[in-house]
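In what follows, one protein chain appears twice in different forms, each by itself as structure tokens: structure 1 and structure 2.
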Structure 1
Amino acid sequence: MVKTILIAIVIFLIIFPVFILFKYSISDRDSIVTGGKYPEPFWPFNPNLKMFQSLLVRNDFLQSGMVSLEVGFLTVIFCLILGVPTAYALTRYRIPGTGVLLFFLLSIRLFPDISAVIPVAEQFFKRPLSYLPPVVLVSLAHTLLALPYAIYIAKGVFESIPKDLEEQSQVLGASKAYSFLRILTPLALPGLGAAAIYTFLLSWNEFVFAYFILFQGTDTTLPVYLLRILTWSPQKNFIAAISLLMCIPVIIFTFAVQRYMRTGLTAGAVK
């Protein structure tokens, strides 16, 4: 009985905020601007999709969404390209001070982002990095934030894969590069998929670095766009609609990566 109650409470705490967002996003003006004459209704008087329709025809919102997608995908690519080989080397080779190195990698995330954004942004604005597109600069900044976690997750994945598979493939004539790319990497896909989801989510929600690097330009990520919208105090239904639309790409990306995570459970195990 107690277990059922606890599960119900957890489900309620998860679903209720989503319900509130959805409720406001489809609310009409009379349902949210009551003037104190009556309390806000539990369900809108005249639910509609006007806020979604108005957002999907706004070029600035769509452009910000495309910038966020570009930054998110580039961050995932950079983290996997840099993090996976690093994790493999830390796992398979005897490197002095591996524990200390991992500690310092993770300790980077112990400092608040605001303490690092000024020196990082200052370096990005200097040559030769200043020649790179702003989207790439934001992706590199997000890579600095997500890379330690990507390395740590990938290292745990490679440690769970028996070294015998790699040795047997090399006995059969496969090179180390072939074993890494064609045997170990497919087996590591479930864990690497989890790292990719975490990296994309971090980049999608990150605000501080995106704000300081993009504040001079017209292109912004969605969190920065949301800040600009808040400066003119829009109604709650407009903010709720933006928040719900921001959740959709993350959900789609998560489900897409999970498909490859399931595939990776058996891929690469047979030569």
Structure 2
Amino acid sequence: MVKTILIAIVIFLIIFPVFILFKYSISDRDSIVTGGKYPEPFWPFNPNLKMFQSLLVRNDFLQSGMVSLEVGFLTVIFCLILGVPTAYALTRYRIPGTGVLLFFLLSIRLFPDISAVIPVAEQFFKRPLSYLPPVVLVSLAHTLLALPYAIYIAKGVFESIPKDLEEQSQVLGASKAYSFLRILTPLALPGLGAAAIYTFLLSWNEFVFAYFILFQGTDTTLPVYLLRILTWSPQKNFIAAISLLMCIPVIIFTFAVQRYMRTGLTAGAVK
């Protein structure tokens, strides 16, 4: 009984802030500018979608969304190209020093990004890297952050596919390349898809590196855009609508890859 009440309280504490964000995003002016005469309502007096309508035709918002998408996709591509073959090698071959490598990966995750960002920004502002478009620079930095996760998830995927399957296919006469493409890849695809989504989400949410690298330029990712808006002290419904639009892909994808997400979150933490 105590447990049920506790669970209900926790669920309330989790849902309530998300609900509030939603409420503000559909609020009319009277519901957010109260002048202190009446309390802010928990449901708007005249709920409407005006904020979303105006956002979807705003150029700076759409531009940031595009930048976020480009950075995200580039990061996914870099991470998969670099990470998946490494994960495959780490699971299928006995490489001396694998433990050290994995520890190295883990320590990247633990290294404070606010400390790493200054050297990275310094280097990126210098030639020859400064010739690269900012979008590529941000995705290079995001690749650094996401690569350990991508490797851990992909490693888990390959570990779950018995080596016997590949060997059996080779014994049956298939070439190494054929069995890799026709046996291993189809089996690994859902898991690798999850790794890609996880990488994308990480890039989509990332703030520190994007903020430092894009500090002076005109391009912004969505989180950086949201922060710039915040400094203007905008209306609550406007800020809530941007935040909500930023959340939606994350919420959807997070629950789609929940199972793999756990591996990513707890990778290396549980023996």
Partner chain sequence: MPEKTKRYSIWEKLKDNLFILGITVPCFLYLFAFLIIVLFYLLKFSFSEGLPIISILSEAEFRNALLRTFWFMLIGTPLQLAVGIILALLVYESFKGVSLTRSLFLIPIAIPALVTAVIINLLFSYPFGHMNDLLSGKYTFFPKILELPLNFSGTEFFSIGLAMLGKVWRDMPISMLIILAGLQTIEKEGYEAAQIMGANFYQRFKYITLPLLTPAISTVLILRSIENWKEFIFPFVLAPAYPLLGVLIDRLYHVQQNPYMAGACALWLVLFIGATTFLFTFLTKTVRAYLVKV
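Quick caveat, the model's predicted, so the values are computed rather than measured. Take the two forms, superpose them, and find the largest set of C-alpha atoms that agree within 1.5 Å; that set is the rigid core. All residue numbers here follow the sequence of structure 1, with the first residue given the number 1.
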In this pair, it is the form predicted alone that is given as structure 1
message: Once the core is superposed between structure 1 and structure 2, does Pro128 show a C-alpha displacement of at least 2 Å?
response: yes
Margin query: After core superposition, I'd like to know whether Arg182 moves between structure 1 and structure 2 (criterion: C-alpha shift of 2 angstroms or more).
Written below: yes
Shift of the Cα of Ile251 between structure 1 and structure 2 with the rigid core overlaid, in Å, rounds to 5.2
